[in-house]
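Only one chain is given next, in structure tokens, and it is the form predicted on its own.
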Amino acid sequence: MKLSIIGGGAWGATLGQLLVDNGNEVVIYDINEQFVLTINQKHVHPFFDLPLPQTLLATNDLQEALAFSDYLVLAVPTKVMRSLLNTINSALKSPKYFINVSKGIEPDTSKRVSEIVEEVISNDHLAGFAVLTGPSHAEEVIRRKLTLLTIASKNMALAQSLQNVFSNDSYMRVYTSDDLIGCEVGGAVKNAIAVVSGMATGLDMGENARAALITRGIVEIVRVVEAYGGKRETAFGLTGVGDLIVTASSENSRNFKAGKQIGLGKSMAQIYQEEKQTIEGVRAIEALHQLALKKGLSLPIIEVAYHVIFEEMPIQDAVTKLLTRTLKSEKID
């Protein structure tokens, strides 16, 4: 199969290797000319300085990438997703399948990527949509370490077809799901919880506190998944709990590292200067704060994180706010 990856960053280039390993033809599109030269001439990953297959190609010509394949893998940050999709829609000449691999929610609208795609891509250009998500550090997948993911779609025939495209017998196993909403939302909310987990680590609050934040974070994932109309059980699978485990305690996680830096006293401006890749968890916190206001959701962990990041609440005040909430029984509701 031929596939076009839109976005040649850490995850996009890594998936390019995976797909080539699986016998597919792949072209990566990216606006960064240095990324394109690094992939085409040096055959090296643009972030991890590791070799890439020589048959993996890259281009900064969007039209070339769109013409190459009927399958477009969206590997760009959600902050540019809408504008990029508008550009793609204007350039398309035939229907395409869209496979999103980014994890985020649009802050201004609280919309999932599938909703943005359906809103922006005209019906005659949209053949189908799926999301590939789950616990996956690009730093490990590029080294071909064992990874399990989920591909979700309203069209199960499409999900099953793509399951075979992304799976292999040596390091990648992909499951299918018909809960597109739950899979999209779980991946976004866990990024937000990972930022808070990092804050606790930066504050040296200890392993007990981090375990508590992660566990209570699962409750908030469930609430958001159900608020969007997803299935509760999805929150306890690879795209919810699984993704949260790998993201909320690992130095490989941009979201965890950003939270840790906040806990150590750095401003977001300083963090953005040092981090080359997008920190989706911060955007997710903003989007989920807006969602909680609209729907009356109780998301105490997300809320204190919002106050710290966007309203400069002292972190110790945020901790006190959490600890002084009304005492109650423990339950998932």
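Start at 1 and count along the sequence shown; that's the residue number. Being a predicted model, the structure only gives us computed values, none of them experimental.
Keep in mind that the form predicted in complex with a small molecule is not shown, yet the notes after this line are about it.
- Contact annotation: Ile31 falls within 4.5 Å of the small molecule in the model of the complex, judged by heavy atom distances.
- Mapping the unseen interface onto this chain, Ala138 counts among the residues with a heavy atom inside 4.5 Å of the small molecule in the model of the complex.
- Using a 4.5 angstroms limit between non-hydrogen atoms, Val222 is distant from the small molecule in the model of the complex.
- The closest heavy atom approach of Ile309 to the small molecule in the model of the complex falls outside 4.5 Å.
- Contact with the small molecule, judged by heavy atoms within 4.5 Å in the model of the complex, is confined among 117 to 125, 165 to 173, 100 to 108, 223 to 231 to 100 to 108.
- Only one of the listed residues (Val76, Ala235, Ala258, Leu72) places a non-hydrogen atom within 4.5 angstroms of the small molecule in the model of the complex, and that residue is Val76.
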